[in-house]
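Quick heads-up: it's one chain on its own, the form predicted on its own, in structure tokens.
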């Protein structure tokens, strides 16, 4: 059979395969390793995986890549980012070193509201110009699919401007970009002390406008649109968060939720009750809610670059979550304040050291399970026949080097939809 591309002779072909859904429990430690492995690709999709001798006998290819001495694995999926923004918050980085907390900075008018002011002042073209280099850096580090949230506009016009920027970036990037509407990311200054009124605006005006925009832009994005909310102290409480997510669900938007980053407000149970695709952060989630999450189809997403950046010694209990059976995923949370980090390999390295994940668990959490955190696990996140051919060639003989080494970049080539893009 004639194919487009054959990648062969990999020291390790790591499939992360799981045909029945996201990995949990002991399955997280299995990366589906094939020694001297090969991968056959045609029309942007994976045709076959297996030993090199077998695939070379079965296929002839227009193009071949010799991966001798190297690892071949799925492209990383980053399921929680705020990568579209304007300006930076380097001054807040220094304030935190001097002792100010994230919530103190936020209450003083910094944090999300600081970036809101920059985004409101920026044009769509400026947002695209500032965000594109960040996406290019993520691609170079092996990320092939990126979720991107709004939430730095906090009014209807500016939130739509962010969505427009995401669509423009999607039209010019090899990456798959998945938009999430996060109008309920913070309460803007003009609504200070009137959070319920702002929730009314999100539910009655912003969400319908976002859905109308999405239906007009689907030909550009080729991805679902999610609805998210920041369920946290001094932001949106559980009832306000429920209102936002239920309004999104009524408009056809699957739910995601920020929960338990600083204070437990029972956000995990809300996520499970509403059938959220993911619940993210989970730094202070109590054991009973971990068990509830483990029994659900909702993916738990942890964001260790945030804790690292904030200089915290407390991380989400990811080890306990895996042992309890949670479908666990990793993400960068790249944003200007709490996680200016484009690197999924660095996130994996932090998760292994501070959250006691095995390298195999970290890789599965950053590929297959991360894809399920976007509702795309049936399409990408692993090297299995019929899936999209998003593939990395890693300049190392063992996949564990992706988490073992840090501070550099082992990704040598990136294949997206069957085409070498880096």
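None of these values were measured; they are calculated from a predicted model. Residue numbers count along the first chain shown, from 1.
If you look for the form predicted in complex with a small molecule, you will not find it shown, but the lines that follow are about it.
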query: In the predicted bound form, segment of 171-179, 335-343, 201-209, 284-292 with a heavy atom within 4.5 Å of the small molecule; finding: 335-343
query: Listed residue (112, 318, 277, 139) with a non-hydrogen atom within 4.5 angstroms of the small molecule in the predicted bound form; finding: 112
query: Close approach of residue 261 to the small molecule in the predicted bound form, 4.5 Å, heavy atom; finding: yes
query: The small molecule contact at residue 80 in the predicted bound form, heavy atom, 4.5 Å; finding: yes
query: 4.5 Å heavy atom contact, residue 152 to the small molecule in the predicted bound form; finding: yes
query: 4.5 Å heavy atom contact, residue 161 to the small molecule in the predicted bound form; finding: no
